[in-house]
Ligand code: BG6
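Below you will find one chain, with nothing else, as structure tokens; this is the form predicted on its own, and questions on how it binds or moves follow later.
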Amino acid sequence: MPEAPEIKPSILVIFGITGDLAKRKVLPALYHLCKDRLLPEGTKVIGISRRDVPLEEILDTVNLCVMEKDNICDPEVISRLRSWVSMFKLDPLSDDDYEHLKRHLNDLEQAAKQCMDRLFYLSIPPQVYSPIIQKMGQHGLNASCDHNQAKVRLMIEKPFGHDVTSAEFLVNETEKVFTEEQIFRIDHYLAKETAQNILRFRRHNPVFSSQWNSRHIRRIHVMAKEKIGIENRINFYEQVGAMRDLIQSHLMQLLSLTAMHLPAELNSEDIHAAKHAFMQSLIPPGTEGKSISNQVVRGQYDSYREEVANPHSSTETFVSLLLKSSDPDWEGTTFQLTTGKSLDEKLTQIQVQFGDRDPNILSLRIQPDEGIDINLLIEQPGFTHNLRQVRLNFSYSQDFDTINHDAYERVLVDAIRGERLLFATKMEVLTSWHLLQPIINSWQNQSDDLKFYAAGSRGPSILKLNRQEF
């Protein structure tokens, strides 16, 4: 049994508990946290819905045990989870309903005879955040119980804005009600084991830590490739696209963890400061007389327009982007971010290329098989002195006999206990938007650079990016 984090009984309020995200990720995560006793007895979960929905109706449509090898639920755990969860009907625009919710939370605390920490989780589309957050502030739900003896936190899903302007608006509107310390912006990629391990891997392996600079590293490539297309996310994807969906958030966060200067202490505050400093050092595309088209390739798989019933759609399903840093320690190093839908494989990894000729490639695999490997040049047996690349491999699933926790389990636990490391700060979000805004502006003005590729292929050619110096 894993050691439980130090968490006191809390109240988790989920807006959007009937939605797809809650059913696919949040509720199964709660089941496993309950099963492994990583949340204490006395925890309460309030599901917010616009209509009267029986709890059984929701649980009957959810595969709670998706992480179990046999996909079979433990009846005792199901019973315990049901005792945690209750439903609450709320019209997001009704002042009376927010007052009723406030009284309900106070009643739960009185029954428990303690003031409990509260986490409000907006598992809903970001475009409807603002009115809910405003109502919460108007009715005092941004503060704890009457005695103010506990913490109140707000957890929200990406995308955090659609561009620089909308991101700044969302940040400003949220900060009218909640302080930055109360706000937890989810980036579930950061909760993966390998992502959490990046900084400690760099610090505690001298063979790499002493060479983590441009004198040894030629390129860092962060990629997230998907075999699936957009599936049932037509409206979402037409408005967002690959750049906003993954590059601006997940991949930029992974790159920052990989290339930031290691602070003296690996605490949340110093790590966030170091990540932001690296982001600020990245040179916006199209500056210094460079052409944006030489730094980025965008593509769309061939059946996309038919899927979205838009024969003129210019929404990108593939992006590969090159960046440089103004940091002297990274002078000459290329940073590449690549993501795509409907490709030949599912793979998220960070590749660190040491050297130019016969390079060593260090790969930090995020999914599907989390782990680390590096290729080395070894002389083949015999009299020819020929060199051959061999691969040294480490896999979490093979080398650790431990429980593998889903990213949403970690996100929920850390938000409840107030650990901010796995969440994006407002400065990281805004700096990332400012960096990529020139590309977004360029794409709005023209679409003749959109390259089409066959679904299930490797995607459009990015040779121009790999061969050129920019």
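Start at 1 with the first residue shown and count on from there. Quantities reported herein were computed from a predicted structural model and do not represent experimental measurements.
Note that the form predicted in complex with the ligand isn't included here; everything after this is about it.
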| item | value |
| --- | --- |
| is_contact(N106, the ligand) in the predicted bound form, heavy atom dist at most 4.5 Å | no |
| Proximity of E316 to the ligand in the predicted bound form, heavy atoms at 4.5 Å | no |
| The ligand contact in the predicted bound form: S166, any heavy atom under 4.5 Å | no |
| Interface membership of L246, the ligand in the predicted bound form, 4.5 Å heavy atom rule | yes |
| Stretch in contact in the predicted bound form with the ligand, which is absent here, among 183-191, 352-360, 84-92, 305-313 (heavy atoms within 4.5 Å) | 183-191 |
| Site check H261, L266 and T431: each within 4.5 Å of the ligand in the predicted bound form by heavy atom | no |
| Partner-contacting position among K135, K151, H272, K158 - heavy atom within 4.5 Å of the ligand in the predicted bound form | K158 |
| Interface residue in the predicted bound form among R218, K176, H139, R233, criterion: non-hydrogen atom within 4.5 angstroms of the ligand | R233 |
| Partner contacts in the predicted bound form for 326-354 (non-hydrogen atom within 4.5 angstroms of the ligand) | K341, K346 |
